[in-house]
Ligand code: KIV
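This document opens with one chain alone, in structure tokens, the form predicted alone.
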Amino acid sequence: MASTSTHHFQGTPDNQVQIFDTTLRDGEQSAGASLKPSEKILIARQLALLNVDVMEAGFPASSAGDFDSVQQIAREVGGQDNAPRITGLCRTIERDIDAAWDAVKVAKKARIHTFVATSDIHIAAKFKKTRDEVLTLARDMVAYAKAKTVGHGDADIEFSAEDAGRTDPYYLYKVLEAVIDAGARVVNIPDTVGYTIPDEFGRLIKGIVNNVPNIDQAIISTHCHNDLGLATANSLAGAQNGARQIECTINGIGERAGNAAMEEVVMAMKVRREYLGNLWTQIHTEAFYETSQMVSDLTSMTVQHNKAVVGSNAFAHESGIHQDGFLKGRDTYEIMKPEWIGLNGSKLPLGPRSGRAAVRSRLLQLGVTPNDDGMVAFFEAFKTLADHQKRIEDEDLKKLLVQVGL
């Protein structure tokens, strides 16, 4: 079995990875996932119970409704003791920064999160600017944001270099150095279009650690999209190479193919802790399943059955060989316990591929202890029914018991 941590392992502060949840901002940008203000508050409260470090509540400048929702979350959720840091996203535009600050400043811990694209593709196509102009804009707007937070406790600034995955690394180093000098205490490295491969993204983060002179004054963050199905892998590669904040969403929802899924990132660090260099988070993983279901219900975005960690089949064993092995020892086919994410136990669904061991186990749960001859007769009847019915439920078993006289 893969190495598993104690239930609430905590390592050194240097190995802690902060979890930045953007379900309410990037997650809500999923096609068809719009949320009402009351629904956002429900999710925000659940995320606080999950113990996320940072909660991106929305994009305050995008609409009056989004501003109000972010402000309400900052006041009602971010105003509590030990609450997550609350942030709002904004472009490197003064009016956007003003709106973001006005929305989040009522939180006990507030953050302005401002961004500008740094790849040549975006600079040329979107901005019609030069690299130097974008660098100056980034530096000046981070300084503008920083000035707003003076005198407001530990409020801080995060800067994101949009499309960093396709940005010339040496230009990216210069931008990051400039924004850190201007007051950014978190620098986010987004793989905005899900383009990079894990070792490539890991090298990008390592290059930042080794080549940005003042990087020791900031936390490196990652924000990986899932267009090639690599968001979780890229996020972990980033953390292995020095990133200490991961931006992610519940169920991996988000633009296009979505974001890194929080439950995957966190459970990978829990299950493979030693391999990943003792990285850890303060997430209360027992709340994952409940949170996943809430987000699915409120966004009307169904969780696929085979979704890692929280899918309905994640802890279901149907093959007879797997069921037999599981009954002899859970760790034969499970690398984590369902209780770790808030489930009561694993499932052994009965169907055409089920074996004798799983069928006997279910009968014992029903209070029936067949002898060997009785079990042979019952299993033959079970297999005949299973040839015509995909799933065998307890009521079906009870009818078979009557049929074979047990």
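We number the residues from 1 along the sequence you see. Just so it is clear, the model here is predicted, and its values are computed rather than measured.
This next part talks about the form predicted together with the named molecule, which is not shown.
> Residues in which of 260-268, 198-206, 218-226, 167-175 have heavy atoms within 4.5 Å of the named molecule in the predicted bound form?
That would be 218-226.
> What is the one choice in Asp98, Glu318, Glu162, Asp324 with a heavy atom within 4.5 Å of the named molecule in the predicted bound form?
The option sitting close enough to the partner is Glu162.
> Please identify the residue among Thr92, Thr192, Thr281, Gln71 with any heavy atom within 4.5 Å of the named molecule in the predicted bound form.
The option sitting close enough to the partner is Thr192.
> Might Asp26 be said to contact the named molecule in the predicted bound form, defining contact as any heavy atom within 4.5 Å?
Yes - in the predicted bound form, heavy atoms of Asp26 and the named molecule come within 4.5 Å of each other.
> Taking heavy atoms and a 4.5 Å cut-off, does Thr285 contact the named molecule in the predicted bound form?
No, no contact at 4.5 Å.
> Can you check whether Thr291 is within 4.5 Å of the named molecule in the predicted bound form, heavy atom basis?
Judged by the heavy-atom cut-off of 4.5 Å, Thr291 is well away from the named molecule in the predicted bound form.
> Give a yes or no for Asn188: in the predicted bound form, does one of its heavy atoms lie within 4.5 Å of a heavy atom belonging to the named molecule?
Within the cut-off, so yes.
> Could you list the residues in 82-118 that come within 4.5 Å of the named molecule in the predicted bound form, counting only heavy atoms and keeping sequence order?
The stretch 82-118, when checked against the named molecule in the predicted bound form, contributes Leu89, His113, Phe115 at the 4.5 Å heavy-atom cut-off.
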